[in-house]
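This document starts with one chain, in the form predicted alone, laid out as structure tokens.
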Amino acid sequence: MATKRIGIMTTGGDCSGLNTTIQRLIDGCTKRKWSVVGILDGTDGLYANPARTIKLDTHTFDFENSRLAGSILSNGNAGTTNFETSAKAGKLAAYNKRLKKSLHDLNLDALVLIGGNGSLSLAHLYREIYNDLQLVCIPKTIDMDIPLTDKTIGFDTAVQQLVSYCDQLIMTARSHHRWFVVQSMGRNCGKLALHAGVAINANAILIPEIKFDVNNLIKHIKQSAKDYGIIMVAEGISIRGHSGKPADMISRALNNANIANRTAFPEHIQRAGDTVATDRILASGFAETALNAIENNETFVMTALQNGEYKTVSLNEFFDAGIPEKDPKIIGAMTSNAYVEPNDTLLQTATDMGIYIGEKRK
């Protein structure tokens, strides 16, 4: 087996499972007698001159620490030169050229990029950066909004974190005969809110993919057998004629209907926490799939889990399979997005449980 030099880089929003993925990649490379270089701070570190790197081996990163949240490589710094700032300054071409040169200087045979749909979409769009090596992407995001994979690293841990948070609230909700409006992360995808909401038996789950009527929500709550509970609200929902945070908007409507309530914002604890077993297993499967792809000389591919099978799909397939939308931060860029499908079985499960989820699936 030919000796290879592999780079690993984590980008985008934080989540649990990144360290597990890195550790499994290191372990797999060590068994193949490949050397491993970690790129620090994502594309921020890659843009630096010289690029900020660290040697990775079984001695620099213990298995016991792989369960910890976050990334030992870090994902980037606020306010630095990046895709967003370069696009705004009209210097994106120069930025991309610098990234390409850094990769060339690192003398890598392959790069494993662990990122969300934004990072993967940028890799697809600006593939000239990676033309001189093999690029294999591993999907991670608590939003689970990446097309063509049934799971993304970090999602299950985020669900557990959100469930644990709500488990702490429900007792005080009962004590004070009060409703809690909990706002989840997820951007414009409702999967995190839906999964956590079903797990905690929320009274209502409001997600961007399903239209709802506030009056019907209020009616549902007033007809509940209990005078307390949790209303799970995805951060991407909107209410015509209202502004502010979604949880605050729902809370004001409940106040107007004389329903005692409080808002709760778990925020970044959803990106934290010890990585749950299913995310560790997923990280192991994705890491081995990525290394096998490198052995097979694949490039511009993403690892995926489909119907229980680990495989790779091309970045072209990934992008074409999703719903393309303008990148919210980078002028001229598009991202490929996945959402809660109208036929998602969990929607029917929630309905059968008596959970209010709205009236019309978009």
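From 1 onward, residues are counted along the sequence shown. From a predicted model like this one, the values you see are computed outputs, not experimental measurements.
As for the form predicted in complex with ligand F6P, it is not shown, yet the points below apply to it.
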Exercise. Does each of Asp143, Arg187 and Arg271 have at least one heavy atom within 4.5 Å of ligand F6P in the predicted complex?
Worked result: yes
Exercise. Among 179-187, 146-154, 213-221, 196-204, which stretch has residues with heavy atoms no more than 4.5 Å from ligand F6P in the predicted complex?
Worked result: 179-187
Exercise. Is Glu209 a contact residue for ligand F6P in the predicted complex, using a 4.5 Å heavy atom cut-off?
Worked result: no
For this session: Give, in sequence order, every residue of 228-258 that has a heavy atom within 4.5 Å of ligand F6P in the predicted complex, or say none if there are no such residues.
Result: Glu235
